[in-house]
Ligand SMILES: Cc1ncc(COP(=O)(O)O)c(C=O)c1O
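Heads up, the chain below is alone and in the form predicted on its own; it's given as structure tokens.
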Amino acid sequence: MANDDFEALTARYGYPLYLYNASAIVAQLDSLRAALPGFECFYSVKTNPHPGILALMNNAGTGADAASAAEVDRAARAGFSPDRIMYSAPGKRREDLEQTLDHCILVADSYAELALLQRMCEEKNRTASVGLRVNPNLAFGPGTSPELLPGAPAKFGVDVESLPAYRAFFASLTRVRLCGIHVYVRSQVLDHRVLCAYLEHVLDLARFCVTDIGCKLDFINFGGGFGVPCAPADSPIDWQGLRPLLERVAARGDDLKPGRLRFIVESGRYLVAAAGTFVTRVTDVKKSRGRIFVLAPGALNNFMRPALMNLFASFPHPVPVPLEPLYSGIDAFAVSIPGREGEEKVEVTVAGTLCTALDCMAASVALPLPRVGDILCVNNAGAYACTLSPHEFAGLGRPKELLLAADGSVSAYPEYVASRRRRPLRKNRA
């Protein structure tokens, strides 16, 4: 968008604000579907639960990956049918299960949760088909390394090696049928070799559940982790590198192939990260002992991740990555002044307006010398941005979130905060 467009938006809606580009989201979804034919894509609601984006995803035919009962509620209100909502999270309460049992595909996270579901179904004289999250016995190296590592302890799911000891337990579940597995290993993966090794391993794990444990699967949720370039040295995923794996999957002679059962992948960041722009305005420029400070509202409180990036960069030792969803690495976000790109640059520090030194969006960044009133834009603001930020800090509130449609129209969703306080989905009756 041109500077005049941002000027018009901030004049109408105030600032700071988020702008999400619907066409960019659809383009990413199309590329993911083209790269993984036969796989269903479920959008990770926690990445960005904006109602306009949820409606866009529903209209595009994706599923919804929910991490809480509230996200199941949001997805249902956006129009997703129960068979296109998958709810997987550790430590679910009984009220979470009661509220969502008829409104999604539940994925149990532990043997205790399966036992609780069995008791609930006995009390209600009903049955339920649920998935199970499985913690694999292999881990995968950082997002740019295909290195295989031993499986680590995790708060998620049940360890795959524990499954054989629970055969009798599974047989005792007369009211609960295990209908699928869910696996998730890591986020922000950019190397197609990592993705190939990971997808193949999940297939092997599914085959083990069928042949050794006796599960009759309706779906395999492979998780996701598809990354987007953040640092200048990052390269996008080489989707063509997945072709040999997909050809092997398509040629399989058993029932573990797309079409015979549902192959599901989750994606959030890949779909929406680059489609979002954070927009604010310069309210003051001043010097302190030789350093130029540019002040603009909304840094730490409305877009926390750039502030965390600068905090981690100040540590005396490098911070290991990834620390998702809080930190993807240095240089994950770029600040710009639209309309002044060709001007001579100076070194400045872009800070917020909160009464804390941690409220820093970009330290020692090269920009045309900012002027009071200039628009500032930050990229990669579509994923884990607004939803993760502490908006109530200093009582400043939540910024507007706007959706830019393919026809150039802009929709605001002022009802978004109010919608979070609506009554939840009705609990199942006994």
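Quantities reported herein were computed from a predicted structural model and do not represent experimental measurements. In case it trips you up, residue 1 is the first one in the sequence shown, and so on.
What follows is about the form predicted in complex with the named molecule, which we do not show.
The partner is absent here; in the predicted complex, the one residue of 329, 338, 136, 268 having a heavy atom within 4.5 Å of the named molecule is 268.
A single residue from the set 277, 310, 188, 301 has any heavy atom within 4.5 angstroms of the named molecule in the predicted complex; that residue is 188.
For a residue to qualify, one of its non-hydrogen atoms must sit within 4.5 Å of the named molecule in the predicted complex; none of 13, 281 and 359 qualifies. Although the partner is absent here, residue 401 sits far enough away that none of its heavy atoms falls within 4.5 Å of the named molecule in the predicted complex. The shortest heavy atom separation between residue 184 and the named molecule in the predicted complex is within 4.5 Å. Although the partner is absent here, residue 46 lies within 4.5 Å of the named molecule in the predicted complex, judged by heavy atoms. Across the options 72 to 80, 176 to 184, 351 to 359, 212 to 220, residues that bring heavy atoms within 4.5 Å of the named molecule in the predicted complex belong to 176 to 184. In the predicted complex, 65 is the single residue of 56 to 83 with at least one heavy atom within 4.5 Å of the named molecule.
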